[in-house]
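Single chain ahead, by itself, as structure tokens, in the form predicted on its own.
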């Protein structure tokens, strides 16, 4: 297709520094907290000390009387009770509870839930005002353990639950004859896994500024991954048309999925600003970030994997109970993804999945890097290694034997296009010296393998309409600069650089000509945002299509100017060259001048629409979940050392092979893979967001342990390029899928090192010691 054009400068495929790197590293970067507006005041939120309670009464008189306080906000404010949420099918969030209201409307649902808010001249006064708010609570029994949420109750946490319980969403999918196949399979393994919740731990805390201005227009600056969904939610809460609301995304200091919802604090800032007619900034401290959470769901997973005597996988059965916390967030999608993304990259013809997401009185869970797939991938890959032991087969060989081919369809209707899994395994196997190490290293040292599989953007929008997934506008005027507008959110993953590369390559120009505008809903066309690894594939394709239209205008101008046929011209190295005779050319600026004559600025639009669904569509409930225009694949080897005295696990080296279709920017791809390895190692070895009586323990970076630089292993990144036929220049995702294999690869390496299996995360020294005792393994 045209998006794989050979024209250009060779910018695609070369190591390009991110275009915002210097601004970030020199301190010139402009984040939400850097914004200073005339008359801006500080907003602070009063948070619930109880996991579940009715707000009977709030006396705001003392707070309102405090000098320097401009507004006090409760759930009585118009709009504060309006429902919102990232998924239209699960709109269960409100900005603030209404004192004295019956049912869900009058309750706080977790420790840290928003109760009321104030806006004052400075933070000190705002905190004093919060202390003066007199709140009367009536305690309601809290659901802390997810199992309790499965039981009948007279007072569910949310209004819409299943059969009088606190179950938010259930999924039942069956393909083939799992029960029959299990009865007749030579090898069957059944395991139960438990995963504790983890937080995104991004550097920049949540921050937002709302200004309800003199024109009765709302402007909101916020550290956001999905400005479009925030825009929609603000319109609902504020009861304003979208064209009267402007959403601006400054630089974002890390997201990883944690900034992809519309949040109560954004609604609260907007309501405060409208009430006092002043710009209001709300900046979280780290404790508030943990209370806001929306991190990875705690999950209990039972998995059954079967194989025949020759090592062919015959059946997969997954059952997941998911702790969603107090809100819906992306939870409906999470419930599906915990099962439907389990099979790839393997061909399995018999598959069952039963999943349920349960509301509990804990901080809400949401999307986090590798959303919905991480925990099940760990369960499957660890169980697969056990089957390899049963079969007396090398884990690499077992996986190679069962891989999906390219250009196929899975049993649940996923269309597989490019697939580089075989090359990933083979190259990682060779680079790591797997055949000389597996099962042959000294006691305490081991090597483990895992594969992965992830989407390159959801093929279906969460709002069922026919708008494009992504739109890109390009404008070139007489100054020769190329202005690219798109609302794809740059959150550190390099999407602005990717857009610049796609346009520069298509037009055969230097990247220094490109100006990316991707921050303002007033000026930039709708993109659905940075989540589900969609941006490179979808916004990248839209950018290429817009650039191709500009290219055609420049070629037509060159043909008119030179008298040679347009079909012979290409754009390369800042020139429009007649390919049959390269001595005939116009510089880019000369061609631009000719194209601008009598018409003015060159303007073009490109859009990306999802491909039509195939296969088993509409044959079962939830058929859309997990469908993607393409999928990424991975294979990792991890080498570990387990200290026989302290049981401390040190990951010594990782060989990370990832099929990204085409590395538009190998430097950025390597950075994403290394970042995924770091985040995955944190979850598998140490990160722990535990609760005591409904309160998060240690909501700070002193107690919540993440991987330090001293603990980060050397990562040998192996980029595999399968050349996806529909991706921009052959590219697909590289931002989330690379996280999935590192967790089970480490667990499998620990088993190779000391012969101990651990079925709950994180694998801390005490857990490993206890597992060794239970399994009768002597470590010395």
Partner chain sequence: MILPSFKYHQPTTLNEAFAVAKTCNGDFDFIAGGTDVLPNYKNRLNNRSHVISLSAIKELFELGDSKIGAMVTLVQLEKNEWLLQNHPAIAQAAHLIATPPLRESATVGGNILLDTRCWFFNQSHLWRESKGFCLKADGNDCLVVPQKDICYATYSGDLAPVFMVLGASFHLAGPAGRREVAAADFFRHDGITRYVKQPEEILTHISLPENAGELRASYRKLRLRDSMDYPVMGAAVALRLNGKIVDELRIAITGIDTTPFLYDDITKGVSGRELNSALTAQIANDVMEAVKPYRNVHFTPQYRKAMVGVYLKRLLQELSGD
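Since the model is a prediction, treat every value here as computed from it, not as a measurement. Residue numbers count along the first chain shown, from 1.
The same protein also exists as the form predicted together with its partner chain; that form is not shown, yet it is the one meant from here on.
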Taking the shortest heavy atom distance, is residue 184 within 4.5 Å of its partner chain in the model of the complex?
no
Is residue 32 close enough to touch its partner chain in the model of the complex, meaning at least one heavy atom pair within 4.5 Å?
no
Do residue 699 and its partner chain share at least one heavy atom pair within 4.5 Å in the model of the complex?
yes
Report whether the minimum heavy atom distance between residue 285 and its partner chain in the model of the complex is within 4.5 Å.
yes
Heavy atoms within 4.5 Å of its partner chain in the model of the complex: which stretch among 41-49, 720-728, 741-749, 58-66?
41-49
Would you kindly say which of 221, 655, 291, 585 lies with a heavy atom within 4.5 Å of its partner chain in the model of the complex?
291
Partner-free chain; cross-checking its partner chain in the model of the complex, the single residue of 155, 435, 648, 409 with a heavy atom within 4.5 Å is 648
Who in 125-150 is close to its partner chain in the model of the complex, meaning a heavy atom within 4.5 Å?
127
